[in-house]
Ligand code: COA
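To begin, one chain is listed below as structure tokens, in the form predicted alone.
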């Protein structure tokens, strides 16, 4: 590998302007995160603490090994929805290290509407379980929830990927030998009672945790029996009489310690081995990414400038350097781990697609994880390119991405538009993790293109009727489309709906990718398997 050389002047006005704009976006993001981490607000937090409970993120901090990071996922789920009354969708999920093992942690935030589940809560919970299945990660459920948010029951109860899928996944995970552990630290009602009931081992906190299919109000309505929550399904009942729970804890801290003790008994997975090397810091300061990340998506960005600030020693072994330059492909290392990188340098042509397909085949056969760095407007369009078979060649790339048997990780550092999103391992193509930078944009096409298309269609409609197109009406339509795409294309809109796993600080990209690769090694990489490539 050779060290890349930067062509960017960090003293230039353009660099400084971008840096200032990106830092402003980042500060805005961090401010929103701080607000979200306040949960249900001061009154709800005081009430929660008065019961002797720790907050969800405090519980996680005690559960994971000291001085190790917690990779929180989709922290801004449900942002700018539901009048912002469900910060983080009322649940904290992420990847942490417990007794030296990467694990999935799902913790209900009872300060947010009693920890009840809306659509985004379920989607977030299921995404955490999906990551657990893909990477064979033990799951710890820190349960403190009233179950389904009843006013939205029709949106969260009956469908395939609604509330019941949580318990289906637990059964499948356990059958795969992936440990399922629950700590009942508060309410666990109705369907939610199946989270601990379907876990391999369950801990329940004294005079705090409760498990029941029907709570006291429902019992009274159904049978006329009057009973307290503790009598119906408290820790004493479930550890001494029903056997629904296996461990009795005095308080939150005691329960967390019991969980950590259980981890000492779990069998270790057979890990995938990679050719590791000593870690080198990039030769170029990662903080320079603030001055490189595109603010205006139309501005071209040399993807090698991104790569050299992410990879070890800024060293990169480029593949097909002189061929199809609108995509950069090559091998590098990130914190000692070998990786293959595909990074956009412009629109996708037939040649670009073939280059990417060839490179994915190499990575898959060599069992090297793949990093996709997205800044893509899409595939080239036009009569000439259709005649040359852009649809056929683009399909090869999409086919290779879909069937790659090594872990894929996607970072959207600029735009992600149209079929380019698919070809570069967008959400539908199951990357192990997908993150966006604060400046990133995502939509079916750029706002200008969408506005031009719709205005052209409208103009043609008037022309077909032999009428003159009203220019003011067309101008109004164009502005409305631009406004809509500007709003719906933002990273905040995406992350609120869990189209990604979160927004990240550009400087943290290298660390997050390394954590993701380490996590992926808990499952052996399957042998390559591709279908029919249309030639």
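Numbering follows the first chain given and starts at 1. Predicted model only: the values in this text are computed from it and were never measured.
Keep in mind the form predicted together with the named molecule is missing from the figure; the text below concerns it.
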Open vs blocked: the named molecule (in the model of the complex) superimposed by pocket C-alphas, blocked if 3 or more ligand atoms lie within 2.4 Å of a backbone or C-beta atom?
-> open
Name the stretch: of 311-319, 141-149, 369-377, 124-132, exactly one has residues whose heavy atoms fall within 4.5 Å of the named molecule in the model of the complex.
-> 141-149
Check whether residue 47 has any heavy atom within 4.5 Å of a heavy atom of the named molecule in the model of the complex, and answer yes or no.
-> yes
Spell out, yes or no, whether the shortest heavy atom distance between residue 198 and the named molecule in the model of the complex is within 4.5 Å.
-> no
Residue 114 near the named molecule in the model of the complex, any heavy atom under 4.5 Å?
-> yes
Is there a heavy atom of residue 103 lying 4.5 Å or less from a heavy atom of the named molecule in the model of the complex?
-> no
Listed residue (439, 88, 187, 329) with a non-hydrogen atom within 4.5 angstroms of the named molecule in the model of the complex | 187
